[in-house]
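Just one chain follows, in the form predicted on its own, and it is written as C-alpha coordinates.
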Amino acid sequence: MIERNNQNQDPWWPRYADRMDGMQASEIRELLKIIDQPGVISFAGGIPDPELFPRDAARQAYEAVLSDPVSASKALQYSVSEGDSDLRAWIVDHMAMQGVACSINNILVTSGSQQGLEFLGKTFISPGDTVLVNAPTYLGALQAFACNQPIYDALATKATNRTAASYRETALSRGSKVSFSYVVPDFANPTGETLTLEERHRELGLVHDLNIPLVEDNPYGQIRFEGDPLPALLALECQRVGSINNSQVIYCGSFSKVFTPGLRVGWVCASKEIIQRLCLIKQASDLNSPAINQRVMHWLAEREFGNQIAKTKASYGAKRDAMLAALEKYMPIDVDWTHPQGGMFIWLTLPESKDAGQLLDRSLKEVGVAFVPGQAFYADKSGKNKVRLSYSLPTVDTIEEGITKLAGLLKAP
(Lines give C-alpha, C1' and ligand atoms only; values in the text may rest on other atoms or scores of the structure.)
Protein backbone atom coordinates (compact mmCIF):
# COMPACT_ATOMS: atom_id res chain seq x y z
CA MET A 1 0.00 0.00 0.00
CA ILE A 2 1.21 3.51 -0.74
CA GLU A 3 1.88 5.31 2.53
CA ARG A 4 0.28 8.73 2.43
CA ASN A 5 1.98 9.90 5.61
CA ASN A 6 5.58 9.25 4.62
CA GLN A 7 6.84 12.63 3.50
CA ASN A 8 10.40 11.33 3.12
CA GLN A 9 9.25 9.19 0.19
CA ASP A 10 6.61 11.45 -1.31
CA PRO A 11 6.66 15.24 -0.86
CA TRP A 12 3.08 15.48 -2.07
CA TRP A 13 1.67 13.40 0.81
CA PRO A 14 -0.07 16.29 2.64
CA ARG A 15 -2.07 17.14 -0.49
CA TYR A 16 -3.51 13.72 -1.31
CA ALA A 17 -7.17 13.02 -0.58
CA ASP A 18 -7.92 10.61 2.27
CA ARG A 19 -9.20 8.04 -0.25
CA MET A 20 -5.63 7.47 -1.48
CA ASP A 21 -4.85 5.66 1.79
CA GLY A 22 -6.85 2.65 0.67
CA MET A 23 -5.45 2.40 -2.85
CA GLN A 24 -2.65 0.03 -3.74
CA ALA A 25 -0.90 -1.31 -6.80
CA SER A 26 -2.06 -4.62 -8.23
CA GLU A 27 0.29 -7.30 -6.95
CA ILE A 28 -0.37 -9.22 -10.16
CA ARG A 29 0.48 -6.29 -12.44
CA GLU A 30 3.65 -5.63 -10.46
CA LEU A 31 4.56 -9.32 -10.66
CA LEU A 32 4.09 -9.34 -14.44
CA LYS A 33 6.80 -6.69 -14.73
CA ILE A 34 9.25 -9.01 -12.99
CA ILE A 35 8.45 -12.22 -14.83
CA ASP A 36 8.30 -10.85 -18.37
CA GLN A 37 11.66 -12.34 -19.25
CA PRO A 38 12.90 -15.36 -21.21
CA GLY A 39 12.92 -18.68 -19.44
CA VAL A 40 10.18 -17.96 -16.90
CA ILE A 41 7.16 -20.25 -16.93
CA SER A 42 4.28 -18.08 -15.80
CA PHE A 43 1.12 -19.31 -14.10
CA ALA A 44 0.67 -15.79 -12.70
CA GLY A 45 -1.54 -13.54 -14.82
CA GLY A 46 -5.08 -14.56 -15.73
CA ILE A 47 -4.28 -13.51 -19.28
CA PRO A 48 -6.04 -14.80 -22.40
CA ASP A 49 -3.89 -16.74 -24.83
CA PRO A 50 -3.07 -14.37 -27.74
CA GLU A 51 -3.07 -17.37 -30.08
CA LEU A 52 -6.84 -17.33 -29.68
CA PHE A 53 -7.29 -13.67 -30.60
CA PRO A 54 -9.35 -13.29 -33.80
CA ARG A 55 -6.69 -11.26 -35.59
CA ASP A 56 -7.97 -11.76 -39.13
CA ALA A 57 -11.56 -11.12 -38.11
CA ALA A 58 -10.54 -8.00 -36.19
CA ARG A 59 -8.73 -6.70 -39.27
CA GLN A 60 -11.83 -7.31 -41.35
CA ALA A 61 -13.97 -5.65 -38.70
CA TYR A 62 -11.91 -2.45 -38.69
CA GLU A 63 -11.90 -2.37 -42.48
CA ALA A 64 -15.67 -2.88 -42.60
CA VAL A 65 -16.32 -0.19 -39.99
CA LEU A 66 -13.97 2.36 -41.55
CA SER A 67 -14.59 1.70 -45.26
CA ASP A 68 -18.14 3.00 -45.16
CA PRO A 69 -18.26 6.80 -44.73
CA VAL A 70 -21.37 6.78 -42.52
CA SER A 71 -20.05 3.98 -40.33
CA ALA A 72 -16.61 5.59 -40.12
CA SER A 73 -18.05 8.94 -39.07
CA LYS A 74 -20.01 7.25 -36.31
CA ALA A 75 -17.03 5.16 -35.18
CA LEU A 76 -14.61 8.11 -35.04
CA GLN A 77 -16.98 10.55 -33.32
CA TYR A 78 -18.06 11.09 -29.74
CA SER A 79 -20.86 8.71 -28.80
CA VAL A 80 -23.65 8.48 -26.28
CA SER A 81 -22.50 7.54 -22.80
CA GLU A 82 -24.78 4.49 -22.59
CA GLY A 83 -22.93 2.87 -25.48
CA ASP A 84 -23.44 1.99 -29.13
CA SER A 85 -27.08 1.08 -29.67
CA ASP A 86 -26.30 -1.85 -32.00
CA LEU A 87 -23.86 -3.36 -29.51
CA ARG A 88 -26.32 -2.87 -26.66
CA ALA A 89 -29.01 -4.61 -28.72
CA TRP A 90 -26.65 -7.58 -29.24
CA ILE A 91 -26.01 -7.68 -25.48
CA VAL A 92 -29.78 -7.66 -24.86
CA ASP A 93 -30.10 -10.78 -27.02
CA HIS A 94 -27.11 -12.35 -25.28
CA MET A 95 -28.66 -11.73 -21.86
CA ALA A 96 -31.96 -13.17 -23.09
CA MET A 97 -30.14 -16.42 -23.88
CA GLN A 98 -29.16 -16.49 -20.21
CA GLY A 99 -32.76 -16.05 -19.11
CA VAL A 100 -32.66 -12.29 -18.54
CA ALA A 101 -35.34 -10.28 -20.32
CA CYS A 102 -34.17 -6.69 -20.69
CA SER A 103 -33.94 -3.76 -23.11
CA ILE A 104 -31.10 -1.49 -24.19
CA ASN A 105 -32.18 0.84 -21.37
CA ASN A 106 -30.89 -1.83 -18.98
CA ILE A 107 -27.41 -1.88 -20.56
CA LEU A 108 -24.39 0.39 -20.07
CA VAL A 109 -21.26 -0.29 -22.13
CA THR A 110 -18.09 0.14 -20.07
CA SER A 111 -14.35 0.10 -20.67
CA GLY A 112 -14.06 -3.51 -19.57
CA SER A 113 -16.03 -4.91 -16.66
CA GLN A 114 -13.41 -3.39 -14.36
CA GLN A 115 -14.83 0.05 -15.06
CA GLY A 116 -18.26 -1.27 -14.19
CA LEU A 117 -16.96 -2.35 -10.77
CA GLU A 118 -15.36 1.05 -10.23
CA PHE A 119 -18.62 2.83 -11.07
CA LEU A 120 -20.65 0.56 -8.82
CA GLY A 121 -18.30 1.27 -5.94
CA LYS A 122 -18.74 5.00 -6.48
CA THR A 123 -22.50 4.58 -6.70
CA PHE A 124 -23.09 2.48 -3.59
CA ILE A 125 -20.15 2.77 -1.17
CA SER A 126 -19.77 5.68 1.22
CA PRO A 127 -16.64 5.83 3.41
CA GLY A 128 -16.91 3.29 6.21
CA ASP A 129 -19.64 1.20 4.57
CA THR A 130 -19.38 -2.59 4.78
CA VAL A 131 -19.06 -4.59 1.56
CA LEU A 132 -19.59 -8.35 1.60
CA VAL A 133 -16.99 -10.25 -0.44
CA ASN A 134 -15.82 -13.84 -0.53
CA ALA A 135 -12.55 -14.70 1.14
CA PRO A 136 -10.70 -14.99 -1.20
CA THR A 137 -12.13 -12.74 -3.89
CA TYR A 138 -11.11 -11.04 -7.13
CA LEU A 139 -8.23 -8.65 -6.46
CA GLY A 140 -9.45 -6.19 -9.11
CA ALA A 141 -12.73 -5.76 -7.24
CA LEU A 142 -10.90 -4.87 -4.03
CA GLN A 143 -8.92 -2.31 -6.02
CA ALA A 144 -12.03 -0.92 -7.72
CA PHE A 145 -13.78 -0.40 -4.40
CA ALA A 146 -10.76 0.82 -2.43
CA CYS A 147 -10.99 4.55 -3.14
CA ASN A 148 -14.45 4.59 -1.53
CA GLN A 149 -12.88 3.45 1.78
CA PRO A 150 -15.07 0.44 2.56
CA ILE A 151 -14.86 -2.08 5.38
CA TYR A 152 -15.08 -5.73 4.33
CA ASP A 153 -16.90 -8.65 5.86
CA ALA A 154 -16.35 -12.20 4.63
CA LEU A 155 -19.33 -13.43 2.62
CA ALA A 156 -20.04 -17.09 3.35
CA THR A 157 -21.42 -18.83 0.26
CA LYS A 158 -21.26 -22.35 1.67
CA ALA A 159 -23.78 -23.59 4.24
CA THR A 160 -23.24 -21.42 7.31
CA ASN A 161 -24.93 -20.21 10.44
CA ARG A 162 -24.40 -16.59 9.44
CA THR A 163 -27.65 -14.74 8.86
CA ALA A 164 -28.59 -11.36 7.48
CA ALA A 165 -28.92 -10.18 11.07
CA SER A 166 -25.35 -11.24 11.87
CA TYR A 167 -23.96 -9.27 8.91
CA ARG A 168 -26.03 -6.27 9.91
CA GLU A 169 -24.97 -6.50 13.56
CA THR A 170 -21.29 -6.87 12.66
CA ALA A 171 -21.52 -3.74 10.55
CA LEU A 172 -23.30 -1.83 13.31
CA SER A 173 -20.62 -2.86 15.82
CA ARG A 174 -18.12 -1.10 13.54
CA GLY A 175 -20.28 1.98 13.17
CA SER A 176 -21.09 0.90 9.62
CA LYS A 177 -23.92 -0.30 7.40
CA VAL A 178 -23.92 -3.08 4.80
CA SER A 179 -23.67 -1.49 1.36
CA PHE A 180 -23.74 -4.39 -1.11
CA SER A 181 -22.57 -7.93 -1.77
CA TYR A 182 -20.12 -8.98 -4.50
CA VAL A 183 -19.67 -12.45 -6.03
CA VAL A 184 -18.04 -14.12 -9.03
CA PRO A 185 -20.48 -17.02 -9.47
CA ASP A 186 -18.84 -19.06 -12.24
CA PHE A 187 -15.24 -20.37 -12.17
CA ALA A 188 -14.26 -17.61 -9.79
CA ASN A 189 -11.03 -15.71 -9.82
CA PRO A 190 -8.97 -16.85 -7.92
CA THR A 191 -10.37 -20.24 -6.85
CA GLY A 192 -12.00 -21.55 -10.04
CA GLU A 193 -15.03 -22.54 -7.95
CA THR A 194 -18.67 -22.18 -9.02
CA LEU A 195 -21.70 -21.43 -6.88
CA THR A 196 -24.21 -24.25 -6.78
CA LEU A 197 -27.88 -23.56 -7.50
CA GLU A 198 -28.61 -23.79 -3.78
CA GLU A 199 -25.85 -21.29 -3.01
CA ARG A 200 -27.20 -18.91 -5.65
CA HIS A 201 -30.65 -18.96 -4.10
CA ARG A 202 -29.08 -18.47 -0.67
CA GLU A 203 -27.22 -15.37 -1.85
CA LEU A 204 -30.38 -13.92 -3.33
CA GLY A 205 -32.23 -14.55 -0.08
CA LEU A 206 -29.46 -12.82 1.87
CA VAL A 207 -29.45 -9.62 -0.18
CA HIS A 208 -33.24 -9.46 -0.04
CA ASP A 209 -33.15 -9.84 3.74
CA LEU A 210 -30.53 -7.09 3.92
CA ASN A 211 -32.23 -5.03 1.18
CA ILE A 212 -28.92 -4.40 -0.60
CA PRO A 213 -27.68 -4.83 -4.18
CA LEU A 214 -25.83 -7.97 -5.28
CA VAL A 215 -23.07 -7.40 -7.84
CA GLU A 216 -22.72 -10.46 -10.09
CA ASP A 217 -19.33 -10.32 -11.84
CA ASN A 218 -19.35 -12.97 -14.56
CA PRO A 219 -16.49 -12.70 -17.08
CA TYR A 220 -15.83 -16.46 -17.18
CA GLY A 221 -19.32 -17.94 -17.41
CA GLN A 222 -19.08 -18.83 -21.11
CA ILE A 223 -15.85 -20.81 -20.64
CA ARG A 224 -17.33 -24.06 -19.32
CA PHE A 225 -15.57 -27.35 -20.15
CA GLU A 226 -17.86 -29.80 -18.41
CA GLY A 227 -21.11 -30.00 -16.46
CA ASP A 228 -24.40 -28.27 -17.08
CA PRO A 229 -24.53 -24.46 -17.07
CA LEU A 230 -26.21 -22.84 -14.09
CA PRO A 231 -28.57 -19.86 -14.36
CA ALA A 232 -27.17 -16.41 -13.80
CA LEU A 233 -28.07 -14.85 -10.48
CA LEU A 234 -29.77 -12.08 -12.43
CA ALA A 235 -31.93 -14.64 -14.25
CA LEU A 236 -32.98 -16.22 -10.95
CA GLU A 237 -33.64 -12.78 -9.53
CA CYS A 238 -35.86 -11.79 -12.47
CA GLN A 239 -37.89 -14.96 -11.94
CA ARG A 240 -38.19 -14.05 -8.29
CA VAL A 241 -39.25 -10.41 -8.64
CA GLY A 242 -40.87 -10.49 -12.10
CA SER A 243 -38.79 -7.85 -13.90
CA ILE A 244 -35.23 -6.64 -14.24
CA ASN A 245 -36.40 -3.20 -13.19
CA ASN A 246 -37.34 -4.65 -9.80
CA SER A 247 -34.05 -6.52 -9.50
CA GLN A 248 -31.48 -6.11 -6.74
CA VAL A 249 -28.87 -7.94 -8.85
CA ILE A 250 -26.42 -6.00 -11.02
CA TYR A 251 -24.67 -8.05 -13.69
CA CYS A 252 -21.19 -7.19 -15.01
CA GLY A 253 -20.14 -8.84 -18.29
CA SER A 254 -17.08 -8.68 -20.50
CA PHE A 255 -15.83 -9.57 -23.98
CA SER A 256 -12.21 -9.66 -22.80
CA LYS A 257 -11.91 -13.34 -21.90
CA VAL A 258 -13.58 -14.61 -25.10
CA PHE A 259 -12.39 -12.12 -27.74
CA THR A 260 -9.59 -9.83 -26.66
CA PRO A 261 -8.93 -7.56 -23.67
CA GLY A 262 -7.29 -5.02 -25.97
CA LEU A 263 -10.60 -3.52 -27.10
CA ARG A 264 -11.64 -2.96 -23.45
CA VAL A 265 -15.37 -3.58 -23.91
CA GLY A 266 -17.61 -4.74 -21.09
CA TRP A 267 -21.10 -3.98 -19.88
CA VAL A 268 -23.40 -3.62 -16.89
CA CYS A 269 -26.94 -5.01 -17.01
CA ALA A 270 -29.28 -3.76 -14.29
CA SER A 271 -32.51 -1.91 -13.59
CA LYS A 272 -32.91 1.22 -15.70
CA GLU A 273 -32.67 3.43 -12.59
CA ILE A 274 -29.25 2.03 -11.71
CA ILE A 275 -28.09 2.30 -15.33
CA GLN A 276 -29.11 5.96 -15.35
CA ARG A 277 -27.04 6.59 -12.21
CA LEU A 278 -24.05 4.76 -13.64
CA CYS A 279 -24.38 6.75 -16.85
CA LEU A 280 -23.90 9.98 -14.88
CA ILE A 281 -20.62 8.62 -13.54
CA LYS A 282 -19.63 7.49 -17.04
CA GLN A 283 -20.20 11.01 -18.34
CA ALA A 284 -17.97 12.44 -15.62
CA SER A 285 -15.31 9.77 -16.17
CA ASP A 286 -14.64 9.34 -19.90
CA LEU A 287 -17.84 10.55 -21.64
CA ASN A 288 -18.12 7.28 -23.57
CA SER A 289 -16.17 4.12 -24.27
CA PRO A 290 -14.27 4.40 -27.61
CA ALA A 291 -16.92 4.30 -30.32
CA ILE A 292 -14.70 2.52 -32.84
CA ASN A 293 -13.98 -0.31 -30.39
CA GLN A 294 -17.67 -0.73 -29.76
CA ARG A 295 -18.46 -0.88 -33.48
CA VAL A 296 -15.68 -3.41 -34.05
CA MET A 297 -16.81 -5.51 -31.11
CA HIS A 298 -20.37 -5.54 -32.42
CA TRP A 299 -19.11 -6.72 -35.83
CA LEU A 300 -17.06 -9.46 -34.16
CA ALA A 301 -19.80 -10.54 -31.77
CA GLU A 302 -22.37 -10.91 -34.54
CA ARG A 303 -20.10 -13.08 -36.67
CA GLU A 304 -17.55 -14.77 -34.42
CA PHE A 305 -18.95 -15.20 -30.91
CA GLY A 306 -19.82 -18.89 -31.25
CA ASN A 307 -16.49 -19.70 -32.91
CA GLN A 308 -14.55 -17.86 -30.23
CA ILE A 309 -16.39 -19.67 -27.45
CA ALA A 310 -15.64 -23.04 -29.05
CA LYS A 311 -11.94 -22.23 -29.58
CA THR A 312 -11.50 -20.88 -26.07
CA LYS A 313 -13.20 -23.83 -24.41
CA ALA A 314 -11.18 -26.36 -26.39
CA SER A 315 -7.86 -24.66 -25.67
CA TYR A 316 -8.35 -23.90 -21.99
CA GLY A 317 -10.05 -27.22 -21.36
CA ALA A 318 -6.98 -29.08 -22.62
CA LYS A 319 -4.70 -26.87 -20.52
CA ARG A 320 -6.80 -27.36 -17.41
CA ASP A 321 -6.63 -31.12 -17.93
CA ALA A 322 -2.85 -30.92 -18.32
CA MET A 323 -2.45 -28.91 -15.12
CA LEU A 324 -4.74 -31.15 -13.07
CA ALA A 325 -2.92 -34.24 -14.34
CA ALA A 326 0.48 -32.73 -13.51
CA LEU A 327 -0.67 -31.68 -10.04
CA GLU A 328 -1.95 -35.18 -9.38
CA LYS A 329 1.26 -36.76 -10.64
CA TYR A 330 3.90 -34.53 -9.06
CA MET A 331 2.56 -32.56 -6.08
CA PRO A 332 3.25 -33.65 -2.48
CA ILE A 333 0.33 -35.36 -0.74
CA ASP A 334 -0.09 -32.48 1.72
CA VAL A 335 -1.02 -30.02 -1.09
CA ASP A 336 -4.69 -29.69 -2.13
CA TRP A 337 -6.27 -27.93 -5.11
CA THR A 338 -9.61 -27.09 -6.68
CA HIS A 339 -11.01 -28.87 -9.76
CA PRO A 340 -12.68 -26.15 -11.85
CA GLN A 341 -15.23 -27.01 -14.51
CA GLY A 342 -14.26 -23.95 -16.54
CA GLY A 343 -12.49 -20.62 -16.50
CA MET A 344 -8.77 -19.99 -16.07
CA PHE A 345 -7.70 -20.78 -12.50
CA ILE A 346 -6.75 -23.51 -10.03
CA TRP A 347 -6.36 -22.71 -6.33
CA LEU A 348 -3.72 -24.49 -4.28
CA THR A 349 -3.72 -24.91 -0.52
CA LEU A 350 -0.27 -25.55 0.89
CA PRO A 351 0.51 -26.81 4.38
CA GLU A 352 -0.05 -24.15 7.07
CA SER A 353 3.69 -23.88 7.60
CA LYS A 354 4.29 -22.71 4.03
CA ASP A 355 4.37 -19.05 3.05
CA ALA A 356 3.43 -18.61 -0.63
CA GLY A 357 5.19 -15.24 -0.86
CA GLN A 358 8.48 -16.76 0.27
CA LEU A 359 7.88 -19.71 -2.03
CA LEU A 360 7.45 -17.36 -4.98
CA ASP A 361 10.80 -15.70 -4.29
CA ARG A 362 12.50 -19.11 -4.28
CA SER A 363 10.54 -20.31 -7.28
CA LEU A 364 11.55 -17.37 -9.46
CA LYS A 365 15.22 -17.60 -8.43
CA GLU A 366 15.66 -21.37 -8.39
CA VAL A 367 13.31 -22.87 -10.98
CA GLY A 368 11.92 -19.93 -12.99
CA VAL A 369 8.23 -20.58 -12.26
CA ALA A 370 5.82 -17.75 -11.40
CA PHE A 371 2.43 -17.79 -9.69
CA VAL A 372 0.38 -15.42 -7.53
CA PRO A 373 0.52 -15.80 -3.73
CA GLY A 374 -3.00 -16.12 -2.37
CA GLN A 375 -2.66 -13.32 0.16
CA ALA A 376 -3.37 -10.78 -2.59
CA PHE A 377 -6.97 -12.01 -2.85
CA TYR A 378 -7.94 -11.53 0.80
CA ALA A 379 -9.18 -8.19 2.07
CA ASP A 380 -7.57 -8.95 5.45
CA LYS A 381 -4.33 -10.21 3.84
CA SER A 382 -4.72 -13.71 5.22
CA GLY A 383 -4.27 -16.80 3.03
CA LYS A 384 -0.48 -16.93 3.24
CA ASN A 385 -0.47 -20.64 2.36
CA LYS A 386 -2.63 -20.21 -0.76
CA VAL A 387 -1.52 -20.08 -4.40
CA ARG A 388 -3.35 -19.10 -7.58
CA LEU A 389 -2.29 -20.87 -10.76
CA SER A 390 -3.54 -19.78 -14.18
CA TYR A 391 -3.40 -22.23 -17.08
CA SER A 392 -4.71 -19.95 -19.85
CA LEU A 393 -1.40 -18.61 -21.19
CA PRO A 394 1.27 -21.38 -21.06
CA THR A 395 1.29 -24.31 -23.46
CA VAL A 396 0.36 -27.84 -22.41
CA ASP A 397 4.04 -28.86 -22.44
CA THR A 398 5.21 -25.92 -20.34
CA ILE A 399 2.37 -26.53 -17.88
CA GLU A 400 3.75 -29.98 -17.04
CA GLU A 401 7.30 -28.66 -16.91
CA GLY A 402 6.34 -25.81 -14.60
CA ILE A 403 4.28 -27.95 -12.24
CA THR A 404 7.10 -30.52 -12.08
CA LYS A 405 9.55 -27.79 -11.05
CA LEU A 406 7.17 -26.21 -8.54
CA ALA A 407 6.37 -29.57 -6.98
CA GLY A 408 10.07 -30.37 -6.67
CA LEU A 409 10.58 -27.09 -4.83
CA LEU A 410 7.78 -27.94 -2.41
CA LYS A 411 9.25 -31.36 -1.74
CA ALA A 412 12.71 -29.96 -1.08
CA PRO A 413 13.70 -29.26 2.56
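Quantities reported herein were computed from a predicted structural model and do not represent experimental measurements. The first residue of the shown sequence is 1; numbering continues from there.
Just so you know, the form predicted in complex with another copy of the chain exists too; it's not on screen, but the next bit is about it.
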**Contact residue in the model of the complex, from 303, 311, 162, 122 (heavy atom within 4.5 Å of another copy of the chain)** = 122
**Complete:** Answer key, another copy of the chain contact in the model of the complex at 4.5 Å (heavy atoms) among 75, 206, 326, 151: the residue is 75
**Message:** Quick check for you: of 152-160, 267-275, 98-106, 166-174, which stretch puts a non-hydrogen atom within 4.5 Å of another copy of the chain in the model of the complex?
**Reply:** 267-275
**Message:** Check for me: heavy atom within 4.5 Å of another copy of the chain in the model of the complex, for each of 17, 62 and 247, yes or no.
**Reply:** yes
**Prompt:** Heavy atoms within 4.5 Å of another copy of the chain in the model of the complex: does residue 257 have any?
**Reply:** yes
**Request:** Decide whether residue 195 counts as a contact residue for another copy of the chain in the model of the complex under a heavy atom distance cut-off of 4.5 Å.
**Result:** no
**Prompt:** Quick one: does residue 321 come within 4.5 Å of another copy of the chain in the model of the complex, counting heavy atoms only?
**Reply:** no
**Item:** residue 283, heavy atom within 4.5 angstroms of another copy of the chain in the model of the complex
**Value:** yes
**Prompt:** For 107-128: residues with a non-hydrogen atom within 4.5 angstroms of another copy of the chain in the model of the complex?
**Reply:** 111, 114, 115, 118, 121, 122, 123, 124, 125, 126, 127
